[in-house]
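Here we start with a single chain on its own, the form predicted on its own, put down as structure tokens.
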């Protein structure tokens, strides 16, 4: 279902696009998408949640219909979410998927007076780095070289046919059906001179620089509100993490409930939206 309302929120000089479903006077639930996705990736889950809540989905900077930035870093994404929470101006629940799950968690830690609960959908970071990925001076040099080259890139490659764009996304998300991929691609792309290209800023592919996934879990100690941690049962390219990595990370959270959605991979809310919505609604109502 397409959103019922749209607005732009100013954040650090950019316009952040937000779309809404449900009663504007209802208790707000804020949705944060993952890398290279967009707000309408929640277009099946959001209407189900909107039967009880005001649902506000964010296009992260550089995604969807939000403005592009000169550079991207994690704290600015967190600040964008906090500015949306301030714009709503009442306590909220926050839900995020993948990168958006990690950022929703950090936003809840950064603005505990504005967040009552957080739902993280398979957004617990990558596995530990391989030896070849360790943050050495050479890796920093490679990162800076890639950033320099990326500055010359103005857009993704274009596709002469929309179905080629859909096929490309389908190769990355083989678990999603063709109708959903067409909807997702249509709202995540634009047509220019008869060709199609993604709306997202390609500079985000060179974003955070060398770092260690081991830094993720200690940050969870700052979370003061309850978390629902959702993962799928089916391993795919992006998740879920094996138990020997995920369990110690979640152990850092003082109040966490865990749910596994059977038959879903990393894109839990797209593959099993009704089951995901049910788990979220039960947690928020508890």
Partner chain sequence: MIELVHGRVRLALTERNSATSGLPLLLLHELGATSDSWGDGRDPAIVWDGPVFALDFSGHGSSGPVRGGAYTPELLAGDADAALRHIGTAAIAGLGVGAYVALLLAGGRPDSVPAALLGPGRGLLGGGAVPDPARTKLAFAREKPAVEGYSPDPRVAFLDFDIRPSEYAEVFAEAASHLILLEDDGERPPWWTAVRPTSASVSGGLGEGLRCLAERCRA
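Values in this document were obtained by computation on a predicted structure and should not be read as measured data. Positions refer to the first chain, counted from 1.
Another form exists, predicted in complex with the partner chain; not displayed. Remarks below refer to it.
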**Asked** Should residue 194 be counted as a contact of the partner chain in the predicted bound form, where contact means heavy atoms within 4.5 Å?
**Response** no
**Request:** State yes or no: in the predicted bound form, is some non-hydrogen atom of residue 68 no more than 4.5 angstroms from a non-hydrogen atom of the partner chain?
**Result:** yes
**Prompt:** Does residue 136 make contact with the partner chain in the predicted bound form, using a 4.5 Å heavy atom cut-off?
**Reply:** yes
**Item:** Heavy atom of residue 73 within 4.5 Å of the partner chain in the predicted bound form
**Value:** yes
**Message:** Going by heavy atom distances of 4.5 angstroms or less, which of 190, 157, 145, 90 would be at the interface with the partner chain in the predicted bound form?
**Reply:** 145
**Contact test, all of 78, 83 and 203, partner the partner chain in the predicted bound form, heavy atom 4.5 Å** = yes
**Asked** Residues in which of 245 to 253, 27 to 35, 43 to 51, 221 to 229 have heavy atoms within 4.5 Å of the partner chain in the predicted bound form?
**Response** 221 to 229
**Request:** Let me know which residues along 5 to 22 have a heavy atom within 4.5 Å of the partner chain in the predicted bound form, or say none if there are none.
**Result:** 12, 13, 14
